[in-house]
Ligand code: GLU
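This document starts with one chain, in the form predicted alone, laid out as C-alpha cells.
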Amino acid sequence: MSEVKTRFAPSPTGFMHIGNLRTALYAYLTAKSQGGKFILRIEDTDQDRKVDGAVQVIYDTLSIAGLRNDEGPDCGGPNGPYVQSERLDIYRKYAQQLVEQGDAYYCFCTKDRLAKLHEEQESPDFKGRHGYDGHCRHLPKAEVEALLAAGTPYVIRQKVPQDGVTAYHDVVFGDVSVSNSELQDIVLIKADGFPTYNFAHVIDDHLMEVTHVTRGSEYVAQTPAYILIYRAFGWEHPTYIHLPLIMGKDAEGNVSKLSKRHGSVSFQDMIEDGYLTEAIINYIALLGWNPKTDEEMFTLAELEKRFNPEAINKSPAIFDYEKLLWFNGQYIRKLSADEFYEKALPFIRQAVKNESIDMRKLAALLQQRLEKMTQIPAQLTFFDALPEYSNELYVNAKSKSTLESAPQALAKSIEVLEGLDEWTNEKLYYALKDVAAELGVKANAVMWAVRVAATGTLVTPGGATDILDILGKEESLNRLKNGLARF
C-alpha cells in the first residue's frame, strides 16, 4: 500500500471555525495514525471572499493546535506550489485536456441568460430539470472556434455522462451511488480563468498524491461528479471520509447547525474565552469519533496512536459547551504549578494590581477551582480594595452565621490573630478553630464572618484562611476591624 497522505485545504475567508478545525484534526490523525503525511493547501481561488490575514490565522491555528503539516506553503514540499492561485497554469492545462478529450466543453452563456434560466426554473409551473440546461454542450466545433477567435467570454464545463450510475465507498457513510442524470455539468474554469473548487481540488489531490480526503458531509452527493473527473484522466480517486455535521443546542434545547448564537465557534474565540488548546483538541476529537472505550481524556500524541476513521459516526455531533467546560477544568488541574502560573498570570493581573500580593500563592489557590481562565478576574476583585457590601452577607443558614454572632466572631478573631506570631494558612486555620471553640459556635460560623469581612463578597477563590494568608497580617486585620465597626 502506498504511503497515506491527507490534506487540509481551507479557504482564507476568515476565522477558523470549529468545523474546519475538526476537519484538520481528523485529516491529521488519519495520516499520523498510519505513519503517513499531512499536507496543508490554501484554496484561494474564490478571490472575492478572500480576507486579509486569514492565511496567517490558518498557520497560527495549526501551530497552536500542534497539527504540524509535512508539506505546505509554509514549509514547502515536492508537489508545490501549495497555494491554488499560484497553480492557474496547471488547471488550465488539465481543463484543456478534458475539452480535447470530449469530457468538458466551452460554455458561452451570458450572466443574463443564466439568470433568466434560473428565474424560469424557480417558477412553480416549471416541470423540467433544474440547473444548467446544456445549451452549449453540443455547439458545432466551427461555432466554438469562431466564438473563441472573437474573444467571447466563456467558462469550461464538465460534460457529465447522461446515463449510468457513479458509485463510491465512503468510510463514514458507506456505499454511495448517484445516477449521472442527476449530476450537473459543473463549471471547472470560470470566466476569470480561475478554477472552481470542483475542479481544482481534484487536480491538486492527484498531483499532491493525496490518498484520503477528509471533508464535510455536504460533499457526499457531489463526490460522484469529482470521481468522473478522475476517471476522465484515468486516475484512481482517493478514499473519502465525509464528516457528520456539528450541531449546536440553544437554551430551549432546540438543535440546529452550530453558529455564533450557540457560543464561541472559532478556535481563536475559544482561546480568548479561556479554554486551553489541549482541552479543545481533546473535545473536538470526540465530536463524531468513538474510541470504543469509556476513555475520554486523550493527548494529541495518544490520539495519533488511537484514532481510526472507521470509528467515525455518521450521525450529527452535538457541541456541548458544558462538556467542553468540564474538559477544560480537567486540563487546568493537570497543569504543573509553573505551567498554570504562566497561563493564569495575565488574567490575575487584570484584577490585581497590588504588587505586594503573592501571585504564585493566588495562582495555586485558583487552579483547583477553575473551569476556564476567564473566570479568574471576577474572583479577585476584592484584593486591591475592599468593595462596598451589605451586612446581610454575614447571614448564612448553613454555617449558622447571623447578624448577632458575626460581630462576636470578628471581635474574638481580631484579638486572637493580633497575637499570632506566624501568619500561615495552617496557623490561621487552627487559630480560628480555637476562636469558635471558645465562643461555643461552629467553626464554619467564624470562618464565614471572617471571609465576608476580609473580602466583602461571596465569590472568592478560597476559604477565609486562604484569603487572610494572601492578604497578609496588616491588611487582613484592617479589614476585619472595618467589618466589626460596621455593626
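Because the structure is predicted, anything quoted here is derived from the model rather than measured. Heads up: residue numbers just count along the shown sequence, starting at 1.
Keep in mind that the form predicted in complex with this ligand is missing from the display, and what follows is about it.
Practice problem: Indicate whether this ligand has at least one heavy atom within 4.5 Å of a heavy atom of Gly463 in the predicted complex. | Solution: Although this ligand is absent here, Gly463 would stay clear of it in the predicted complex, with no heavy atoms inside 4.5 Å.
Quiz item: With the partner left out of view, is Tyr197 within 4.5 angstroms of this ligand in the predicted complex by any non-hydrogen atom?
Solution: Answer yes; at least one heavy atom of Tyr197 falls within 4.5 Å of this ligand in the predicted complex.
Self-check item: Proximity of Lys412 to this ligand in the predicted complex, heavy atoms at 4.5 Å
Solution: Outside the cut-off, so no.
Self-check item: this ligand contact at Arg215 in the predicted complex, heavy atom, 4.5 Å
Solution: So Arg215 counts as contacting this ligand.
Quiz item: Just one of Tyr105, Phe307, Tyr219, Tyr132 has a heavy atom within 4.5 angstroms of this ligand in the predicted complex, so which one?
Solution: Residue within 4.5 Å of the partner: Tyr219.
Practice problem: Check each of Ile18, Ile470, Leu25, Ala9 and return the one that places a heavy atom within 4.5 angstroms of this ligand in the predicted complex. | Solution: Going through each option in turn, the one that passes is Ala9.
Quiz item: Which residues within 89-111 place at least one heavy atom within 4.5 Å of this ligand in the predicted complex?
Solution: Sequence-ordered list is empty.
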